[in-house]
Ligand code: ACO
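Let's start with one chain on its own, the form predicted alone, as structure tokens.
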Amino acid sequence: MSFFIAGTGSALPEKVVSNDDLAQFLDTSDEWIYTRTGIRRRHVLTHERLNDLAIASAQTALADAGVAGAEVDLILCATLRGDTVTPSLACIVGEAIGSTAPAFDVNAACVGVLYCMEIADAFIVAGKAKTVLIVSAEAMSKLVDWTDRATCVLFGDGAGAMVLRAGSGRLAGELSTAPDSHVIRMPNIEGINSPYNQTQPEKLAIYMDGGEVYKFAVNAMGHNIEQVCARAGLTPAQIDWYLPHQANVRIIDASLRKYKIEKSKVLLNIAECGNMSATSVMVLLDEYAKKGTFHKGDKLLFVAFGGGLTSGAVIIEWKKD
């Protein structure tokens, strides 16, 4: 007994920024960005708060599942940084939906949702929860250097949620870490005005070594696909739908080519949303669930990589009609 996905939801900021918009203040172009990443546009926070998106996505997922906030036994939120350090984003969502369940945030970068799914599995198997709400919300536009065309063109903002209920939908999970504090790095604010702080502040923006990220991502995604399929007693060809982290089309293509996976099975929304870190797979799931793409019995494989360096994959069987 583990879980099945009972409901999904997502929320995106109103503001849409195209590659042509970025070319107004960066030395770049739509052609340069799209051919290297597969991204055309992204949603960016303006007047909204990240809390607003997280709460909206959670409420939509609960309504989709037919679950009241008071029925939730555990709230997990995958995020790099919420609007506040404390309370956690998970606690803010809990307050909004009328829940008194345990709630905490998980920072595993772009793999955060998969980590949350495996934590939820452990709680459910241990009999400590029957209904789990997972929310992911990322404000990537507030973490990048908008003068650095190598990074700022990649990211977008958004939130997504799923309701998990005790059942037999999860087939296998695989999480791993190759610890590295340099390839992808985002420093935190230090000291503010402490008279005792003697450390030199770092630039408060995401840094990525693109070449190293590419090599890690392709190898990690391929390895995790292979491992999680083996755990489930399946071959990659038996998966109906692949939901990869939406980081870069070139990375996705390279990591899936090894297994000769049909492109028609690989779901994408990177052109419209960019890289939303942990939120990417969540918004992708909700978009295609709402389209009616998934049918009962379909096997979905989530796979992602991110800072840390983290990676992972989870296979679930779709239970909803």
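One rule holds for the numbers: they count along the sequence shown, beginning at 1. Remember, predicted model here, so these are calculated numbers, not experimental data.
Only in words, not in the display: the form predicted together with acetyl coenzyme *A (ACO), which the text now covers.
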> Looking at I184, L76, L243, V163, which has any heavy atom no more than 4.5 Å from acetyl coenzyme *A (ACO) in the predicted complex?
Replying inline: I184
>> Which residue, G233, P201, G98, G210, is the contact with acetyl coenzyme *A (ACO) in the predicted complex, using a 4.5 Å heavy atom cutoff?
In response: G210
>> Please identify, from 287 to 295, 66 to 74, 48 to 56, 24 to 32, the stretch that has a heavy atom within 4.5 Å of acetyl coenzyme *A (ACO) in the predicted complex.
In response: 24 to 32
> Is acetyl coenzyme *A (ACO) close enough to V135, V283 and K320 in the predicted complex that each of the three has a heavy atom within 4.5 Å of it?
Replying inline: no
> Even though acetyl coenzyme *A (ACO) is not shown here, does Y214 get within 4.5 Å of it in the predicted complex, heavy atoms only?
Replying inline: yes
>> Even though the partner isn't displayed, in the predicted complex is S255 close enough to acetyl coenzyme *A (ACO), meaning a heavy atom within 4.5 Å?
In response: no
>> Please tell me whether any heavy atom belonging to N248 falls inside 4.5 Å of a heavy atom of acetyl coenzyme *A (ACO), as the geometry stands in the predicted complex.
In response: yes
> Is M221 close enough to touch acetyl coenzyme *A (ACO) in the predicted complex, meaning at least one heavy atom pair within 4.5 Å?
Replying inline: no
>> Could you pull out the residues of 280 to 313 that have any heavy atom within 4.5 Å of acetyl coenzyme *A (ACO) in the predicted complex?
In response: F305
